[in-house]
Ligand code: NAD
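Single chain ahead, by itself, as structure tokens, in the form predicted on its own.
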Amino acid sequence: MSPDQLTFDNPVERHAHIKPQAQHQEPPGLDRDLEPKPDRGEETYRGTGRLQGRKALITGGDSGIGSAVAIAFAREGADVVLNYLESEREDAERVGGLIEHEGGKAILIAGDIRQREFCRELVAKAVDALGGLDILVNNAGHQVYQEDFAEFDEEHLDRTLKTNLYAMFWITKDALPHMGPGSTIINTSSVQAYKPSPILIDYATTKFGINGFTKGLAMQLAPQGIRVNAVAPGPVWTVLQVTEGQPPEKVESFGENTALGRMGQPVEMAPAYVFLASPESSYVVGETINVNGGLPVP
């Protein structure tokens, strides 16, 4: 077959039919009510057994990127525990049901990771349910924009820091005694760690912190055979954007500033997590993979 006869997937056109629409939900929101529906890989992700027999805990696994990672991990052969807030149960049950319908194992554990004791319980329950733990994905995040820094309040800051940073420290600390050589930890960073928006100062600060945490912990754990890396998504169509993650007037142009000229879909993030969780990335340590549609970052 000659090159001109080959048909390739054009990344500019892929998912371009999913157009962002101005809308609002009260945080934390539901994928169920997001319009248009994001592609989380339900119909499009095809696994090849790269995570066969692995045991994964994913925070924020009910919707958005976390749910796409859960679906991908399951289709690669892993058993997964999904953490979510009680108000997000409907989304979590939909993801868990999809995984189990296809023969995978999905354990759903509701709770607020801002609470130190719950983080201990989450890890203990995950280890008990799976019979061990060798993949940890610290993905849950809180993002609410604030136009005027002078009006920034401590409650807002506390929620962002505890969800995005404290919980990552706590859950990782509790998970490590159960993780041996070959285990992997993957943290969700953001393009905001490199190109902070003036209305997302607290969120961007936590993403800077996640990058530093990833690199520092990676150096400490690498001699033990445990790899730590991160994924930094760009503008991705998730319920986070319509639950005060972005001003409503900016939603309809969401992602247009990327080189591809469109927002990303959760399913486009999942392969980076699969790669970092699999032995294929055995020589990748302390790295942050940017999946952002071509936004220039260091």
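Predicted, not measured: the structure shown is a model, and the values here were computed from it. Residue indices: 1-based, along the sequence shown.
The following text describes the form predicted together with the ligand, which does not appear among the structures shown.
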property: Contact segment among 187-195, 145-153, 218-226, 96-104, judged by heavy atoms lying within 4.5 Å of the ligand in the model of the complex; result: 187-195
property: Partner proximity in the model of the complex: R114 to the ligand, non-hydrogen atom cutoff 4.5 Å; result: yes
property: Non-hydrogen atom contact A140 with the ligand in the model of the complex at 4.5 angstroms; result: yes
property: Close approach of E88 to the ligand in the model of the complex, 4.5 Å, heavy atom; result: yes
property: Partner proximity in the model of the complex: W170 to the ligand, non-hydrogen atom cutoff 4.5 Å; result: no
property: L240, L260, A272, V251 - the one with a heavy atom within 4.5 Å of the ligand in the model of the complex; result: L240
property: The single option of A230, A56, L51, V236 touching the ligand in the model of the complex, heavy atom within 4.5 Å; result: V236
property: Within 4.5 Å of the ligand in the model of the complex, all of P28, G66 and T163 (non-hydrogen atom); result: yes
property: Interface residues of 68-86 toward the ligand, as seen in the model of the complex [heavy atoms, 4.5 Å]; result: N83, Y84, L85
